Every structure is written in structure tokens, then in C-alpha cells.
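One chain is shown next in C-alpha cells, namely the form predicted on its own.
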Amino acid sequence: MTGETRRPHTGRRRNEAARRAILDVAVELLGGTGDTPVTIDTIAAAAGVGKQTIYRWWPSKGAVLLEAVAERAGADIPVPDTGSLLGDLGGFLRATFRAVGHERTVSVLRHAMAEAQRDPHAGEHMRAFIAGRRAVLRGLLERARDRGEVSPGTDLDLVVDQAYGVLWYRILVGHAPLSATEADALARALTAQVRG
């Protein structure tokens, strides 16, 4: 940290400024296009902290990245309540697709998924991240069911799988865009499906 005031040392407690710097740098480095491998050392150096600070708070690089992604998803993807399933689902999917529609975000998510496959700690964090996002979408569907817009007996978990399946397939394969047009088409298809 050249020319800046050093963050105060707080011992084992998390220093919010250091935490924020680590999370921001991890996303920036992992989303970049450089050839330099991203390691705990490179994250620590770029964030202006010691690598022991990172290991004190997270068990792996993947865990750092997934915490950053989870925070951003919660902040960037509001849960609409328009009073209709199509309105809520369309708004939610548009916001979700918009949040991941940038090449840097797609790169970060691809890296995060790769880390989750090879690192058990990152895998736990990925499952927790996905469970949290699934719960949000399921809650939106449950509200619609309570309003009578979803046929009784509809498997809401399968509907959630279909919505996120499209998202993750397009992130990982990269064969088609994630735009508002696709979000609206998916919302219409899912809405028609659950109405029976």
C-alpha cells in the first residue's frame, strides 16, 4: 500500500477494510485476463495484507472468491414483488442475467466453479452460495404458489433447477448470451409450465 494510510492492525478480529480489499482484489485478479496465476500470495500482495491474514479468515483461494461472489449476488440481485409470478420471475432473472452478463463476472464464476471441483473447502462454499441463491428463487416461487399462480403439486426445486441450469450452462459453455431477452423468454416458459 504505497502512499496510503495503513489499515489498523486488529489482531485476530476481521478488519473490515482489509476484508473488503481482499474480496475486491480476489474478484479483480480472478476475473482478469492475465497469464499470472492467481494465488493466495498474489491476492495478499495486491490487497496489501499478509497471506496469513487471508488464511486466518478463509481456508483457500476458492473460499475467498465465493464469499465475494455471494456478497455481490445479494447486493446486485433484488427480489421483486410485483404481485405476479411472471413479473417477479422476469425481474429476478433479468437482474441475475445482468449481474453475470459481464465477461469479468463470467470469468470469476467459471474460476469459482473450477476451484469448487478441486478444493473441498471451495466446494463447501460453492454449495452454500448456490443453496442461498436457490432459496431466494424458491421463496419467490412459494409466494406465487400462495397467490394461486402455481399448480398444486408443482416441484418447485425442479423449477429452480431449470432456471439456474440455463444460467450455469451458459456461463460454463459460453455458447449463448445471458441477456434480458433470454431472461424474459425463460420467465415466460417457466411461468407457463408451473401454471399447468
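Quick caveat: nothing in here was measured; it's all calculated off a predicted structure. Residue numbers here begin at 1 and follow the sequence given.
Another form exists, predicted together with another copy of the chain; not displayed. Remarks below refer to it.
This chain lacks the partner; the member of 139, 50, 152, 165 within 4.5 angstroms of another copy of the chain in the model of the complex by a non-hydrogen atom is 165. With a 4.5 Å cutoff on heavy atoms, residue 94 does not count as touching another copy of the chain in the model of the complex; it lies far away. Residue contact with another copy of the chain in the model of the complex: residue 170 places a heavy atom within 4.5 Å of it. Taking the partner from elsewhere, residue 134 is found to have a heavy atom lying within 4.5 Å of another copy of the chain in the model of the complex. Of the heavy atoms in residue 17, none are within 4.5 Å of another copy of the chain in the model of the complex. Contact annotation: another copy of the chain lies within 4.5 Å of heavy atoms from the stretch 157-165 in the model of the complex, the single such stretch among 51-59, 157-165, 140-148, 66-74. Contacts with another copy of the chain in the model of the complex, taken as any heavy atom within 4.5 Å, map within 112-142 to 113, 114, 115, 117, 118, 127, 130, 134.
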